[in-house]
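Taking the form predicted on its own, here's one chain by itself in structure tokens.
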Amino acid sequence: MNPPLRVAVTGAAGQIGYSLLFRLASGAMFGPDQPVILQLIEAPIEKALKALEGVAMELDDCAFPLLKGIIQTSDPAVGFKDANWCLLVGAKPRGPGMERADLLKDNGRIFISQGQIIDAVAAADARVAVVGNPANTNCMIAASQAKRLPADRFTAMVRLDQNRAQSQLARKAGVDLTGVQNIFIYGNHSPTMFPAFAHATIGGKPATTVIADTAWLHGPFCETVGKRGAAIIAARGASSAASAANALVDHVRSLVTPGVIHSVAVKSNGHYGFDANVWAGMPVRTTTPGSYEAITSYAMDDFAKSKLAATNKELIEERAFIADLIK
């Protein structure tokens, strides 16, 4: 059996964290032969730390063979110490009347601190996956503070959007979910993201020939995927938790499985017309565990180009909101 991986999780007692930790400890993320030590980080608030204590008790009670230790802390320097993977789930939510710029700045300060601490104390091979919204820009902020760890170690999650898009295409086509392949997400994890249906296949055929309803693909499909989170909040009175946790399992599992092609938000380096310094969703191929290469060969039609331009504009605007924080 492999030596244990140290996995740091912020917001560990929150809804996503609670849905995530048991799957992580069971081997769903890193595989059935990979032990883990969970380094669980919560805010220095009595209620949150008490909840974290209860989560740790439940993890103990599950008797997971792969779980080799649990650290509970409110100190990020302790939580991120020697971590091989840092899963940044926790973030300040947008409150009533809060402007997006205010949310970006409040979270910006959090992710500046986390980026600095991770760079200082995490393992030499550390990888960072950001879930807390606005995920793309929070990831960019954390990466901006790193001097030791390269930018390609920092990724943000758009896998939830990919999973949503795959499910919607399968439902529309009336096929099993596994029949839908190569549906990738471009841009921001926000309503502006673009699910590139023209690249997808359904049963091995181009999705646009199986689903010939162009108006649906351009309209309700893109809108449903982009606004699915808001629809879930309206339906259940709380934001996506289990599906977000599941997507993070998929995100990391794909990043440690060579050969897998999947959607990840990475530093764009100018691919697909994105600003070179934003983190944008795009297809990548995992090369070695934890490493990947962007796939830049997909052609875009005029509709796709317009959607990419819109999501790129939003990412640039988000960066501008916090530019004074990362100088």
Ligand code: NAX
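Numbers follow the displayed sequence, beginning with 1. None of the values given here were measured: they were computed from a predicted structure.
Absent from the display: the form predicted in complex with the named molecule. The rest refers to it.
Of the candidate stretches 180 to 188, 195 to 203, 249 to 257, 154 to 162, only 154 to 162 has residues whose heavy atoms lie within 4.5 Å of the named molecule in the predicted bound form. Checking Val128, Ala91, Leu104, Ala207 for any heavy atom within 4.5 Å of the named molecule in the predicted bound form turns up a single hit: Ala91.
Checked against the named molecule in the predicted bound form, the residues Ser144, Gln168, Asn133, Asn84 give one hit for a heavy atom within 4.5 Å, which is Asn133.
Taking the partner from the other structure, the named molecule in the predicted bound form has a heavy atom within 4.5 Å of a heavy atom of Ala43.
The named molecule is not shown here, and in the predicted bound form it never comes within 4.5 Å of any heavy atom of Leu149. Using a 4.5 angstroms limit between non-hydrogen atoms, Cys222 is distant from the named molecule in the predicted bound form. The closest heavy atom approach of Ala25 to the named molecule in the predicted bound form falls outside 4.5 Å. Residues of 101 to 130 placing a heavy atom within 4.5 Å of the named molecule in the predicted bound form, in sequence order: Ile110, Gln114.
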